[in-house]
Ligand code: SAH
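Here you get one chain, nothing else, as structure tokens; it is the form predicted on its own.
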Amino acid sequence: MDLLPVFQDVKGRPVLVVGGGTAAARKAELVSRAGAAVTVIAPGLGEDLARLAAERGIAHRTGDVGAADLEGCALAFGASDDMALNELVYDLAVAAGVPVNIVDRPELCQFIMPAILDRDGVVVAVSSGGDAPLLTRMMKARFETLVPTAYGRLARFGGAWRDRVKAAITDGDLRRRFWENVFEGPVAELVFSGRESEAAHAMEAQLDDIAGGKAARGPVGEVWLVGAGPGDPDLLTFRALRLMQQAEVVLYDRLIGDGILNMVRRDAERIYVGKAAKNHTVPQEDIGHMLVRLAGEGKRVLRLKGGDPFIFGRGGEEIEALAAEGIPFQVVPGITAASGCACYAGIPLTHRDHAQACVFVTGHGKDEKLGLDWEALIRPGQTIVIYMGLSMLPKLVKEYCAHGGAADMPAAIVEKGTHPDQRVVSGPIGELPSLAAKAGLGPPSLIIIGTVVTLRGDLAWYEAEEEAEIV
């Protein structure tokens, strides 16, 4: 280790920044966020630094830099374009015994400014000692995907309970295990999801058991309903990724591809519960029973669903079963197929010149009956997105036209949207069934109806390996 990593308290202490450009603005912002009283010396301030100075009350003056400017300073930065001036700042700071950092001059730095990940009080700093700042920024970007934004809130929550836990659990090893369970278990998840009052009740119950000398409570399981998006793993949310790495059991659907499933914790038990039209591998009721049973065994259960759990994903039915049995759960939204597939197909769902509204419906009718409110659907300036409608496409088109819809209305089918083998078929809605049959389209497919489809030629940005468009 070439440098000793130290976090310094600069609250209320003077810090000098010499320079008025972008580099000076970056340094001034960091130390001002830490509570320092920042003074900038520069002939003028760039746009970023001027805005920052106005927002944070940073002092600015022009003129020369002298020894008096360093008196009492906690830190000093030389960030001027004038290298001779930066060297002067270094000499003055060394003479005054003030730690100094000269931008882009590692040999003139008594301390290094690391790449910083700030989670509202929980701070991760990454440094290469000045050798490879770009590499440290890349490492920081990776940490961004792993560390929840609410870690600072969790730290404050733990701090508020620290004295009470210490008094209740005097054995150091037992106390350490207690905190590990808190920070990696349901209490942390409650804090992350903003349910701190529930987290406090859970802490109260655990500490009351310990204080009363009761046996440790049995394992408490939890279910996470996580939306995996339409297929591209890059569209997963940070929270989804974190929970996927913590799950002990995963129940996944037919729409969950290997690219997403490979991101689940390697040693997690995997249970396939996929459903296709007229072919339910596991009935919905049985899935609910399975979630309740696994969570009742104390397991952390991941229910991984394509798209969004609450948009034609039957997530509501599953949490009803959990709530009825008192099983803790949380729901993580995902990018629904309408947004993801339309985006990758280059079709905006709304557009000022074409559609001021968009409606989602399911074409998967019960007992082969659609039951759609065509009067509400077929309106000017509205885009219709139909989920799970491919198997009933001829009937959908027939009813659309029978209820006043124009047979030449532009429409598109997006097959396997956001996947590498995505295909798009577009044309007048009246011809859509024959176009789909000619292309040999299959599920999963999404149907989009509206004049926004005509924009695809100009706005398509995603090119699949095998793009098949028929116009």
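Throughout, we count residues from 1 along the sequence that is shown. Model, not experiment: these values are computed from the prediction.
Keep in mind the form predicted in complex with S-adenosyl-L-homocysteine is missing from the figure; the text below concerns it.
_Although the partner isn't part of this model, could you tell me whether residue 311 comes within 4.5 Å of S-adenosyl-L-homocysteine in the predicted bound form, counting any heavy atom of the residue?_
Residue 311 belongs to the contact set for S-adenosyl-L-homocysteine.
*Does residue 221 reach S-adenosyl-L-homocysteine in the predicted bound form, with heavy atoms at most 4.5 Å apart?*
Although S-adenosyl-L-homocysteine is absent here, residue 221 would stay clear of it in the predicted bound form, with no heavy atoms inside 4.5 Å.
*Spell out, yes or no, whether the shortest heavy atom distance between residue 426 and S-adenosyl-L-homocysteine in the predicted bound form is within 4.5 Å.*
Contact check for residue 426: no, nothing within 4.5 Å of S-adenosyl-L-homocysteine in the predicted bound form.
*Answer yes if any heavy atom of residue 26 is within 4.5 Å of a heavy atom of S-adenosyl-L-homocysteine in the predicted bound form; otherwise answer no.*
Residue-level check for residue 26: no, no contact with S-adenosyl-L-homocysteine.
*asked:* Just to be sure I understand the contacts: of 388, 169, 372, 355, which is the one whose heavy atoms reach within 4.5 angstroms of S-adenosyl-L-homocysteine in the predicted bound form?
replied: By the 4.5 Å heavy-atom cutoff, the listed residue in contact is 388.
*Counting only heavy atoms and a 4.5 Å cutoff, which of 57-65, 33-41, 417-425, 401-409 contacts S-adenosyl-L-homocysteine in the predicted bound form?*
Selected range: 417-425.
*Relative to S-adenosyl-L-homocysteine in the predicted bound form, which residues of 23-58 have a heavy atom no more than 4.5 Å away?*
Counting only heavy atoms within 4.5 Å of S-adenosyl-L-homocysteine in the predicted bound form, no residue of 23-58 makes contact.
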